[in-house]
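Next up: a single chain in structure tokens, the form predicted alone.
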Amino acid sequence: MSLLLQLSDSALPTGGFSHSFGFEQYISRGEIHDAATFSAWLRVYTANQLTHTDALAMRLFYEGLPEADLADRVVASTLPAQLRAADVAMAKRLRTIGVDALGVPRTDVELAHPAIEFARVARHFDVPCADAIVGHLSATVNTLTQNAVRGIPIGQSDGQRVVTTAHAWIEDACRRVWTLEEGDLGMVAPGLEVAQMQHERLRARMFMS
């Protein structure tokens, strides 16, 4: 439990505070402007990207798919260049933390993704797969909400209400991931992906993705 709390802390220095994963594009269009509209985006993001990429990649890693092949497929399926770069950078920070601070053995796999790195650390400490998925998705939701508090902005209490509401979305993702096929890996709602690509052309940005 202590390990999951540490890895799920939005203050874990992986650089997550620098990324909106596309919701800044919706802010620029006026489509996200308060806690309710951010909550709507986060629900879709959790049900799509976090479920079909992050949660499924973690399940497949636990089931023993070759890590190099899995990382290659996850990174390749992330079409927006900014998001792909953000994922690799954050994952390598988490990999370094795992090796330096937690004693997780190094890997010779070059590519990296945050979900797979989270799973590597969790599996090393015999954390069950389902608990690891809850931990990673909770960490991502917490980080994105803190970024929304700064970026929209919304109040801290509003942010915590969004996180509380997101508990049900995370639980739903954790149920659905066991029903998915390997071929579902990387499925994403086109609107999310287009916004992530359009973010690259924003004239003024607070976030790197």
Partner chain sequence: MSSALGFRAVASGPDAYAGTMNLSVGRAGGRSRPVRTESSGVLRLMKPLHLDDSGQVAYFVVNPGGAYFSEACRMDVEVLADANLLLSSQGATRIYRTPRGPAVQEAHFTVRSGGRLEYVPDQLIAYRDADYRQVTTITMAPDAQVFVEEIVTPGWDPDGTPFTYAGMLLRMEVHHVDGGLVCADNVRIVPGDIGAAIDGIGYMEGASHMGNVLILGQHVGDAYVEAVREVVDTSGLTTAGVTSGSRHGIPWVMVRALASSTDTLSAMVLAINEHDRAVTTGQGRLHLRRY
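Residue numbers count along the first chain shown, from 1. Quantities reported herein were computed from a predicted structural model and do not represent experimental measurements.
What comes next is about the form predicted together with the partner chain, which is not displayed.
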| item | value |
| --- | --- |
| In the model of the complex, Ile32 touching the partner chain (heavy atom, 4.5 Å) | yes |
| Heavy atom of Pro114 within 4.5 Å of the partner chain in the model of the complex | no |
| Ala81: touches the partner chain in the model of the complex, heavy atom cutoff 4.5 angstroms | yes |
| His167, heavy atom within 4.5 angstroms of the partner chain in the model of the complex | no |
| Complete contact of Ser77, Asp184 and Gly191 with the partner chain in the model of the complex (any heavy atom, 4.5 Å) | yes |
| Partner-proximal stretch of 81-89, 116-124, 97-105, 133-141 relative to the partner chain in the model of the complex, 4.5 angstroms, heavy atom | 81-89 |
